[in-house]
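Below sits a lone chain in structure tokens, taken as the form predicted alone.
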Amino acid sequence: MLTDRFGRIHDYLRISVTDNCNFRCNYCMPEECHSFMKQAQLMTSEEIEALAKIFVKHGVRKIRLTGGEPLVRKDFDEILQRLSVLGVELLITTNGSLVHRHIEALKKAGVTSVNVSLDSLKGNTFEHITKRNAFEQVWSNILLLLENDFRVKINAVAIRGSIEHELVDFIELTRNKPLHVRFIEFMPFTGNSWHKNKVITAQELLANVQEQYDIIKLKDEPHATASKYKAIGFEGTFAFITTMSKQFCGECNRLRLTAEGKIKNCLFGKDELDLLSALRNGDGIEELIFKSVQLKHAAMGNQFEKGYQLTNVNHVINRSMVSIGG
């Protein structure tokens, strides 16, 4: 088992298959001209499978494929198929724009749950955020996933000054559809113009929801990052991911593999070890994985020990979100 020095067992691996994306969301991708990795830098489908097998050997039971946008990879269906035989729960996070091209591959691989990033339900606002006129396609694909019996979670980044205007609209999605909407507190990454004043906390959002709806608190799963609720009589649920206001690091069971094969033991951590180079050179992989797990800090990569309100974002060392995979 991959157990760190704080006794946390890591059985969940998030694999970024590319740092490329067909959207340009400003909270994810740096504002300056962004260059993506060259093909030779990325893990091949065979290398992804080889590394995943080692993690599974040591207790990983859940793998989530992320990007960038994972579905822009031409061999995404092959990657899915390779990982589908490992006996793990296989999940993806996507912006939803290309789902219609891969729906059969997702079903064949045994994927049952899909997270879709969607920060606005208004076409104009959606285009302003993503720099793409693609809302109708994304929404159509969300409905397609529901029609094919996938569990669909919608991830909306909550940025002060914007999310308040659509909060009720997002909750209304859960009235007659089995959708699970999750509001994610705005997190700082390289180049995303984060500021503490842009953070609207889950507590604030919850108070706004309670003004409109009668709600109940639902039981959260072990290692959950989201605190779940339900409006009484509604089919779906909503939740808050409280990364900034209420850390959940004590229950963390996640490791991350970047698109170029580096292991990150924390979303906010600066420590990375190069598994892909070791694999290509025939060097030991397992030693590096165990070393990374042991290097993991107690909370927030040891970069937010004073809380987000006292954090100088200029002193935080990390990647852009698009190059981590979330």
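Note that the structure is a prediction, hence the values are computed from the model and not measured. Numbers follow the displayed sequence, beginning with 1.
Only in words, not in the display: the form predicted together with S-adenosylmethionine (SAM), which the text now covers.
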- Message: Each of Ala226, Gln247 and Gly301 within 4.5 Å of S-adenosylmethionine (SAM) in the predicted bound form, by any heavy atom, yes or no?
- Response: no
- Item | Proximity to S-adenosylmethionine (SAM) in the predicted bound form, single hit among Ser120, Asn155, Asn141, Thr237 (heavy atom within 4.5 Å) | Asn155
- Of Ile184, Leu145, Leu80, Leu205, the only residue with a heavy atom within 4.5 Å of S-adenosylmethionine (SAM) in the predicted bound form is Ile184
- Message: Residue-level contact is defined here as any heavy atom of the residue lying within 4.5 Å of S-adenosylmethionine (SAM) in the predicted bound form; does Glu260 satisfy this criterion?
- Response: no
- Item | Heavy atom of Thr174 within 4.5 Å of S-adenosylmethionine (SAM) in the predicted bound form | no
- Query: Is the gap between Phe76 and S-adenosylmethionine (SAM) in the predicted bound form 4.5 Å or less for some heavy atom pair?
  - Reply: no
- Message: Since only the chain is shown here, I'm wondering whether Thr66 would be in contact with S-adenosylmethionine (SAM) in the predicted bound form (any heavy atom pair within 4.5 Å).
- Response: yes
- Message: Tell me which stretch of 155-163, 82-90, 208-216, 227-235 has a heavy atom within 4.5 angstroms of S-adenosylmethionine (SAM) in the predicted bound form.
- Response: 155-163
- Message: Could you pull out the residues of 236-256 that have any heavy atom within 4.5 Å of S-adenosylmethionine (SAM) in the predicted bound form?
- Response: none
